[in-house]
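The chain that follows stands alone, in the form predicted alone, written as structure tokens.
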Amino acid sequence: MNSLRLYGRYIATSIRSQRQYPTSLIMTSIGAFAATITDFIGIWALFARFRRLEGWGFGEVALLYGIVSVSFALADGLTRGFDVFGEQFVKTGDFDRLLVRPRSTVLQLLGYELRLTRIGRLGQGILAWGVGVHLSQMAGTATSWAILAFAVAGGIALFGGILLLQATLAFWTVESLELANTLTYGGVEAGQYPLDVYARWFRDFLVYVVPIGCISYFPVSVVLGRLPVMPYAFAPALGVAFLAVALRIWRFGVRRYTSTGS
């Protein structure tokens, strides 16, 4: 409970600091919305021309798109400390100060900054979600909404785990490798389409290695009646499992941190 209260104070401080410059916050959020909504318009244009993609219509893919976008926007907004970890903490030696404090390094990095500007990406994700619900054949039951909420929770955990692994690389490379972006932004792009459009080996990768399909394709297929509830409704739990593995790898990296010598 003390950790939760401390995290709440971190978040409150971050929000107050960003509210000091409201114009910048608003303009950056609008820019993020405009930049990401073009992707969704591109998907609409694709379906306006071809109508269906491997049996999926625009409304159904919009639902996939919305789930992934909302999950990533929330994860990205909460994990700013891990995103800048190599440059801001390892290279400068500031991570040493985190280690001597009587709190978890993960908690301190989570509290580094809550990026309110991600509300723009979150807004376009919610918009796509709403379009998907309106146009698809989704059953509007409490069970369906619970499955989708669980999918978002699993997606936050999954993308948070990917960003955590990206930060862990900085213990050996000083700066996070751009290769990790293939799992973050590349994963977002891949998760916005049904697995049916990909080759078998890539589908397996998105299910068994980095389970992006488990937090988007499977739960959405369940609420659309394409797959049975059991066991696919519980597929997003693999996102939480991925985060647990990432945390263990993070602790392994922390034990081998040698500081900058400053």
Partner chain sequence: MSTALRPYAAVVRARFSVLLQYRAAALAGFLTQCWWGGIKVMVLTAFFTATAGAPMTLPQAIDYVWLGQALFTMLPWSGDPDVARMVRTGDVAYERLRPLDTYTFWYSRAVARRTANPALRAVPMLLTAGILFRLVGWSAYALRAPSGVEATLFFILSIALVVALSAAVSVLIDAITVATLSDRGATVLIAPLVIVLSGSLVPLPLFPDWMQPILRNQPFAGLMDTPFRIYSGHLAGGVAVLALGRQAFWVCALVILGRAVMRRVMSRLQTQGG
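Residue numbers count along the first chain shown, from 1. Computed from a predicted model, the values in this text were never measured in an experiment.
Not pictured, yet referred to below: the form predicted together with its partner chain.
The stretch among 227-235, 53-61, 214-222, 66-74 whose residues place heavy atoms within 4.5 Å of its partner chain in the predicted complex is 53-61. Taking non-hydrogen atoms only, Glu189 approaches its partner chain to within 4.5 angstroms in the predicted complex. Looking at Gln88, you'd find every heavy atom of it more than 4.5 angstroms from its partner chain in the predicted complex. Taking non-hydrogen atoms only, Leu114 never approaches its partner chain to within 4.5 angstroms in the predicted complex. The closest heavy atom approach of Tyr208 to its partner chain in the predicted complex falls outside 4.5 Å. Shown here without its partner, the chain carries Asp204, Arg248 and Thr258, none of which come within 4.5 Å of its partner chain in the predicted complex through any heavy atom. This chain is displayed alone, yet in the predicted complex one of Met138, Leu78, Val106, Leu183 has a heavy atom within 4.5 Å of its partner chain; that residue is Leu183.
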